[in-house]
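First, one chain by itself in structure tokens, the form predicted alone.
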């Protein structure tokens, strides 16, 4: 135990140091607490604004908002988000299925396989891809990917058409699959960057213990790296899922903007809540704007539910990952 050092005036140096730390920590604690409360206030204000603006349109709706597949708020005032919610969830889920395995592989290569100099360059490139504007991905999808996907879509339809997912009488490059690929490319850098940082935090003792027991590099990753990084990968995946569901410009340029429900991802049909808002807000009437805001409220709630579910999953996995505090 440290012995207090008495100063000339009889005070304690340790006491004065603790007092200075206390004076420095209090403003920081208040500022951080205020920032957290301010964030909650902003989220609550957004929710209140969406509800207030959506109520008049919902009251004027002559159909079922949650089940109707018609979107005509400017004319007959019949609109529903059934098709939009379906397209949002399906496209984002397909993007997540395609992006996460590749992103985790890239993160593992950068953190445990690549030479240090190459790992630094690849990490920089991954971070740079995450900063590319959405409209650039959308233009790439429209100009390059839509014509390119015509051939692969026909191939999948011809040889795997017995699977409902790849069925359909009319196959086109502008489809749910193409939009999902663009979303997968967009969220891949985010998931890869976060997963890479998580894998780099694995305690060195865990890896050295596995190596001392004769494990190969892959076995080290399987028994030490992946269990430790699983909560981080789940969090990164949910963050990517939220980005995919809320993406607007890229999918608005690619989606055929139809209002139907079908699991045939190669056919020219599909739409999402965010894309519909971007395409319809400029020409909407007051009721139409309220309907679009109401659909935005649904997207807001879905995103909150996804993030809440992710936090619950991460909390349950902490004790098995070795990351618990």
Partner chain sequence: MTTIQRISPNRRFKDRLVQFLVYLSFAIAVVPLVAVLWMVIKNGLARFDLEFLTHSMRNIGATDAGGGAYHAIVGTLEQVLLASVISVPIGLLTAIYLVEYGQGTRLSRAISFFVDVMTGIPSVVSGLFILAFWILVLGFSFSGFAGALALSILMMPTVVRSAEEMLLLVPNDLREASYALGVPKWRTITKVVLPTSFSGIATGVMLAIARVAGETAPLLLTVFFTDSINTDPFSGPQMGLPLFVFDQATRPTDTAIDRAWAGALTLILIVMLLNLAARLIGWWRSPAKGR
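Residue numbers count along the first chain shown, from 1. Note that the rigid core is defined as the largest set of C-alphas that superpose within 1.5 Å between two forms. Quantities reported herein were computed from a predicted structural model and do not represent experimental measurements.
One more form of this protein exists, namely the form predicted in complex with the partner chain; it is left out here, but the text below deals with it.
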request  = Check, residue by residue, if 58, 65 and 172 all come within 4.5 Å of the partner chain in the model of the complex, counting heavy atoms only.
outcome  = no
query = Applying a 4.5 Å heavy atom distance criterion, does residue 71 contact the partner chain in the model of the complex?
reply = no
request  = Mark residue 147 yes when one of its heavy atoms lies within 4.5 Å of a heavy atom of the partner chain in the model of the complex, and no otherwise.
outcome  = no
inquiry  = Is residue 127 part of the interface with the partner chain in the model of the complex - any heavy atom within 4.5 Å?
reply    = yes
query = residue 113: heavy atom within 4.5 Å of the partner chain in the model of the complex?
reply = yes
note = Testing 86 to 94, 152 to 160, 73 to 81, 188 to 196 against the partner chain in the model of the complex with a 4.5 Å heavy atom criterion leaves exactly one stretch, namely 188 to 196
request  = Taking only heavy atoms into account, state which residues of 193 to 219 are within 4.5 Å of the partner chain in the model of the complex, ordered by sequence.
outcome  = 214, 215, 216, 217, 218, 219
query = Does residue 38 move its CA by 2 angstroms or more between the shown form and the other one when the core is aligned?
reply = yes
